[in-house]
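Okay, so here's just one chain, in structure tokens, the form predicted on its own.
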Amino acid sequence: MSGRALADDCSLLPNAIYGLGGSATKPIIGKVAAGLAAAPTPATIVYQAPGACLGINGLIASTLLTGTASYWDTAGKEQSCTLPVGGQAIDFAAMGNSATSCPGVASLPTDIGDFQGPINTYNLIVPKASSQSSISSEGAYFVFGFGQLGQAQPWIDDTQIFRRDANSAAQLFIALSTGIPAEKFKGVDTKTNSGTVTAVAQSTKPEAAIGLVSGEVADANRLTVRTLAYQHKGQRCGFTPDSTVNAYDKKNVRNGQYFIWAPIHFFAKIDAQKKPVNPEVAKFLGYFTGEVEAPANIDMLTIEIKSGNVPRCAMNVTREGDLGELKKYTPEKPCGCFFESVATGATSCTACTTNVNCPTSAPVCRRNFCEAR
């Protein structure tokens, strides 16, 4: 059935797991879902993406999914199916921010667990035709907080400022980094990450157009949009997520110079041992956290890297909470060399087959590269 729809009725899909949350996580969920659909014992990920915070709020309230949802076939093509008329229970929620950043969530209930995956960035984008290359936190504050009245040239046309809403992880992070209340952003609501890309890319006033999206989506659309360097409060200059605008090395994220990043969060109902009560959900989320080995046809690290994310094992800094203080981080099993080889196609690390091939400065052979430990 490769490349063809499996079913129009979601209930007919094999071993379906139902999720709700943000559109920023759809690309990586889709890639893993394609592998699961092609596994010897297939499973199907069925997902609705109305907004990050609608996911966690829906899980907390035991909201039933209705209408239509997305799933992915063995070729990785996104398909659509119809949910039961009486509604379908949510198995997991997915988004780029912590639960308490969402409206209406004062604290995470004790029967819901937070399972964290790879690192994703949040980017301010402009059309490729724009001459703009950077923006400061203060500049973004006036653009998205006041629109035309902010007089932050050249972004002074409210019809060319493209935002989301307070349920969007991308908007929540720009809110946190600039100080604008998430529900007070000026501009046109594009509804989804892909909607923002389309609006920005197709703007008839490229110098005035600006939007906010997840890093995954920005990377996947570099032919039509460009990420601005971002200068956070206290920094002397702006940084893009990568070392240059054309690179894919995420160097400035991994070293903490690019400020707006966070792990992808997955949420699910848990038991007394803090494990997801649904064993299939436990396996699926475990692939992202690294606690469960994925099926042989799914290389999680490669999928995460090619999706534009940074596996935690390739990070040199960490933080607690959304945009918390940066701290030095040494992964238990570093994968920085492998990350560079996949993300950029090259690495200065020593290639190896065993530890014998490795120098004392990088003594462990891991994924065919000599790592620090």
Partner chain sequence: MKRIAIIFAAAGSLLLGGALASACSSASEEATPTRPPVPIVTPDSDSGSDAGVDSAPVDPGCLGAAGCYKCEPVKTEEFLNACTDGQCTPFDNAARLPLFKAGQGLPPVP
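Residue numbers count along the first chain shown, from 1. Not measured: the values here are computed from a predicted model.
The same protein also has a form predicted together with the partner chain, omitted here; what follows describes it.
At the 4.5 Å threshold, heavy atoms of Lys184 reach the partner chain in the predicted bound form. Using a 4.5 angstroms limit between non-hydrogen atoms, Ala152 touches the partner chain in the predicted bound form. At the 4.5 Å threshold, heavy atoms of Gly256 reach the partner chain in the predicted bound form. By the criterion of a heavy atom within 4.5 Å, Asn221 is excluded from the residues contacting the partner chain in the predicted bound form. This chain appears without its partner; in the predicted bound form, the one residue of Ile270, Leu176, Leu108, Leu301 with a heavy atom within 4.5 Å of the partner chain is Leu176.
Of the candidates Pro276, Pro127, Gly139, Pro263, Gly139 is the one whose heavy atoms come within 4.5 Å of the partner chain in the predicted bound form; the others do not. Taking the partner from elsewhere, no residue among Pro14, Tyr18 and Ser194 has a non-hydrogen atom within 4.5 angstroms of the partner chain in the predicted bound form. Partner contact region in the predicted bound form: 237 to 245, out of 237 to 245, 77 to 85, 291 to 299, 100 to 108, criterion any non-hydrogen atom within 4.5 Å of the partner chain.
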